[in-house]
Structures are given as C-alpha cells and as structure tokens.
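Take a look at the structure tokens below, where one protein chain is shown in two forms, each on its own, as structure 1 and structure 2.
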Structure 1
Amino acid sequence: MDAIMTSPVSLSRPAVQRSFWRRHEKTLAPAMFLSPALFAFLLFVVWPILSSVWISFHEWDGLGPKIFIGLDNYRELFSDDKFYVALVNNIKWLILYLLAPVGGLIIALFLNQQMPGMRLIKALFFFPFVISQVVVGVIFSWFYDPNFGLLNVVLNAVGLPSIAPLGDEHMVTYAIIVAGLWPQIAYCMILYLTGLNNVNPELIEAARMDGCKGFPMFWNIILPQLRPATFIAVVVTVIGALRSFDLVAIMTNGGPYDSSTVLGYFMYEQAIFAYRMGYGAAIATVLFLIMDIYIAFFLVSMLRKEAE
C-alpha cells in the first residue's frame, strides 16, 4: 500500500502538449509589437541612407542611367572650397547652437516657480516652438531689414549706425543662427520643464536638512537628475545644427557670395539645381558621418559618467 502511494508514476499528471504560441509567447509577442515600427524604420531610414551612400559612388543627373565613378565625388568634394565654407559654417552652428540647452534650462528654472500668471508666461515662451521655421525666417528677415527692421530702429535709438546683417558676409551666419536659437531654446525649455517635474523632492529635502541651498543645491542635486533631459536636448540640438537648411534657404539662399551656405543647403543646391545627385549624395554621406561621430562620442561619454 505504501509503495503504491509513494510511487512517482502514480503521482505524476499526464503531460499537456502546449501549443507553439504558448511555448514561444514571451519571444513572439514583443517581436509582433515591434515589427511595424521596425519595418517603418528600415524602409524610411535605413534604406534611404544605404541608397544615398550607393548613389554617392555614381555620376547621375536623377533621370538618366547611373555611371559608377568610385570615389571621384569625394575627391572633388574635398578639393572644393565651397565645401569648406559650408563645413566651417556648420561648425559655427554647432558651437553656438549649444547655447540653446543652456538658455532653455535657465528659462525652465524661472518658469518652474509658482506665481500668478505663470501659465500665460509659459505659453509666450512656448510660442516659438509651435510656429514654422518658414515663419521664423520671415520674421527675422523683417527684423534685420536695413530699411524698416526693428533692429536698426533700436540701434539708432541708442545712437548706433544702421547695419544690414543679412547683406554682410561676416555677420550673416551669426544672424541666421540667432534666428534659429529662438525656437530651439523653446524646445529645450519644454524638455527641462518636464525633467524638473520628475526631480525627486525627497533628495531636495534631505539636501536642505544638510544645509545645501542655492547654486550648490542646483549643481549637486538638481542638475544630475536632469541628465536624461540634457542628453535629449544636446542630441536634438546637435542634429538641428548640422542639418540646418530651412532658415538659410528662406533668409539668404546661401548668400551673399555663398558665405552663409551650410552642408545641407550645399547638398540641396547640387542635387536639385545642378542635377548632380551623386555629388549631393556624397555631401549627405559626409554630413551623416559627422553627425554619427559626434553623437556616438557624446553617448559614450554620458554612459561612462552614469557607470561611474
């Protein structure tokens, strides 16, 4: 009797044959949810990138047959003076555009206060982000206009002579960058406002109990918690600086004398107006590599800091 009760054969249940879905549910379910986005990413991002790189090895006017010429487009590009003008202008954009995260953080800290009318003030600061870059370009073209622009009205009011920033080859790039900073600061401000809402109040309270306040409180307690917002703000700002195109096209068309051109506009000019798709694709490939190198460097630096 005891042998029958303790026998493993008598206690075991009949094996249930699970379906293929049950056996692989944890693997298949995420793959099914991710597949539409992955397909769209491959179709609209990866495929155009690979196509651009392939076209950059050809001489092609966009209509006729492609002629394979190897690295000739790149050799011509690196001996083209206009390419270096555009590259230097992109570097200026890159450096000065990084003022946007700083400006956005300062405004976000100001707007994070509880005071009457703050909703209206936030809406006013948010406004540049929702308007089109075309509108921004037109507004600043009027602002800089030497005949009726508000800039010269202000300068004349304080006794300074009139200037024409968009007609001066030494000032034009900086004038366009200022126009670009207006909506970019608003975007960074929104990121930091979101980040400030997620700051841990217990850490702030503990720091106050230890006597920490003012700038040390901001630097040691608040700013480290804003690291995710800072990462997104810097990456988006760098990408925006390197692909700057619309404001240049609207405000100056790359002039005067190509002094305000950037790589994005140079690529557009060669591909659309000069019918040189291969040369334009070579410019796009170089621009893509510059973006990748900078973002990869920034990402690795940030991950190392988080690991420490």
Structure 2
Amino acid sequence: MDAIMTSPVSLSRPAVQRSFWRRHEKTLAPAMFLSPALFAFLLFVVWPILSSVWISFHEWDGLGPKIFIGLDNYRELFSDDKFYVALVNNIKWLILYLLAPVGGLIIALFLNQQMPGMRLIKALFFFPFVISQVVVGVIFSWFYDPNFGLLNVVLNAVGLPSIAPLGDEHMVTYAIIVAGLWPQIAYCMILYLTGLNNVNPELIEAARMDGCKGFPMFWNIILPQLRPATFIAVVVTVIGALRSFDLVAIMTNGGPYDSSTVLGYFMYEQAIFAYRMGYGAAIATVLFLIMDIYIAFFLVSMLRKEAE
C-alpha cells in the first residue's frame, strides 16, 4: 500500500533515483523483522505438527521402515480402553483445575488488605508457583508416601486409617491434581491481586453509599471489574490442565497400570517406551484437535469481546 503511494513521487523526481530499499522500506522492514519469528514458527511448530499428522498414518518403531496403514492407528485408538482412561482423566483435570481460579480469588481477597508484613505473607502464598513442577511432584510423592508420608501421619493422628493415594486407581488422579493445584492456585492468586489493585475505589464508594455490602458488593461491583483477570486465569488454567504431563510422569509414570495416565503421557509412553511412533502421533493429533476446539472457542469469544 505504501509502496504504491510513494512510487508516483519518485517518478516525478527522476533525477534523484531513490534506492530500491527506500521505495520498499515500509513493506520490507516489517517483513524482515517478522521473518526470523516466522521461520522459527514454521520450522518448530508448523512442520512438526504436519509431520506428526503424517507419521500418525504409519506403523513405525522409530528405527525400521515406515509402513503406511491409513487410518488404522485411529481405528485402534478409538477402540482402546486406555485412550478413554486418559481422556476421562484429562476431563477430570480440566474440571478440577477450574478450582484454581476460585481458590486464587478467595486467597487474593483475603490477602488484599493493608497490614504490616503483608508482603511477606503474599510472597509465601506465591512461593509454590516459583518452584519447578518437578520439585512439586517429588514433594507430593513424599507427602503421599504410605510409609513415612506426612499425609498418613496426620490421618493416623485423627484416628483414620492409612491410605496410599498414588497406589490406588481410584485416588491417584485426584492426588496428582491436588499437587498440580498447589502452584496453579498461587498463579491465579497473583493474577487476582493485580486485578484487585485496579478496582475503581470510587465505584465501591458509590455502591457503599447506596447501602451495598457483603456478598452483593463482591458479586455485583468487584467481580465484574476483575473480568480481565478471570479471563486470563481461566485460559491459563484450562491450557495447563490439557497439557498436564510433567506431574503424571514424575509422580506415577501413569500408573498403577495406566490408571492415572493422561493423553499427553499416553502419547509419550506409546512413542518412547512401547516404540510405536505412529500410534503416539495419532494420540498427539487427537490431543491437538481437542486443544483446537478450545482455542477456537477462545478466539471467537475474544473477537466478540473486541467487537463490543
């Protein structure tokens, strides 16, 4: 566009021949600035996605020849009990992880007051988000250990029997989600604390004059103003739940007998440990499509909001 506008100008002054760069500066510069990122995006994101979709149509052990088998991997996947175990676990993650924004909000409201030493307390609450997921996983594994874990010490102290959350197929996924919620709540709390800083005090003052207080005050006046924070907290949490992998890998390796596996871990295990690259790629593709649904929903709602 700019190039078209500038070219007549240069024609009108043929004596001063402007360089190619000068004439196309406004189109070339952005292209050049974008190109490294675009190149990296194509190489590290788009190409791997396409190639794993391609691999998912093959049977391949990672070493031998690739055998094209069409949709067989997908057919097998949809009749594989383990796939549904992983899918259901992912849904459990998704639903229970939404406790993180709620918990974060409650803690943020509680911590949002002027008091000496409050900074330190806030830092302590934020602490779990700073440590690595690997460390979180290891700490919780110890916490749950049926032999020396703190959990059973507490349970026994109040007269309850010992449990082994990571060795029981009914408890294991919830036990891992609890570990995941610990840092996730801290993260949401920080988002809400920043959000609370931006709440307009005049609105609160006005509401108070109209006799509003307590829960109605929170629900009608404060929460709507926290909408941007809520939005980000939910988005980050949902993505975190869908790509849950590290805690499962560290705490249980998907066990006992796959009962705590999630799609991400199932894929990793099939590809790396069962040497079925094609099947692993098929799982990856399905997970990718599930994420796409969410991302599409996210984009639509964002665009709609911008249109308002």
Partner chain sequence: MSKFLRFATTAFFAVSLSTTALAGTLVINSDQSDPAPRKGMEALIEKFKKENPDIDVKLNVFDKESYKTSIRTWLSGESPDVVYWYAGERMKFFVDRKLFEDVSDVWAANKGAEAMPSTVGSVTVDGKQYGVPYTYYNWGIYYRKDLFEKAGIQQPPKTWAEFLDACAKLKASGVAPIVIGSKALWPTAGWFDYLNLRVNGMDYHMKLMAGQVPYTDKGVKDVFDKWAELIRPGYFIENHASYTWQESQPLFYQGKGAMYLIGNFITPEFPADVRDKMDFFQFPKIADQPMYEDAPTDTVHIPARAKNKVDAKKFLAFYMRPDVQTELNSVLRQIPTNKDAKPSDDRFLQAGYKMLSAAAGTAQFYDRDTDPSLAQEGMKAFQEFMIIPDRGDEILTRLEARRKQVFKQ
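None of the values given here were measured: they were computed from a predicted structure. Under this definition, the rigid core comprises the largest set of C-alpha atoms superposing within 1.5 Å between the forms. Every residue number counts along structure 1's sequence, beginning with 1.
A.B. asks: Do you think the form predicted in complex with the partner chain is shown as structure 1, or as structure 2?
C.D. replies: Looking at both, the form predicted in complex with the partner chain is number 2.
A.B. asks: For the two-part rigid motion of this chain between structures 1 and 2, would you say Leu151 and Ile131 go together?
C.D. replies: Same rigid part: Leu151 and Ile131 travel as one unit between structures 1 and 2.
A.B. asks: Could you tell me the angle, in degrees, through which the smaller rigid part rotates relative to the larger one between structures 1 and 2?
C.D. replies: Spelled out, the smaller domain pivots 11 degrees relative to the larger domain.
A.B. asks: After superposition on the rigid core, what is the displacement of the C-alpha atom of His24 between structures 1 and 2, in Å?
C.D. replies: C-alpha shift for His24: 9.8 Å.
A.B. asks: How much does the C-alpha of Val300 move between structures 1 and 2, in Å, given a rigid core overlay?
C.D. replies: With the cores aligned, its C-alpha sits 4.8 Å away.
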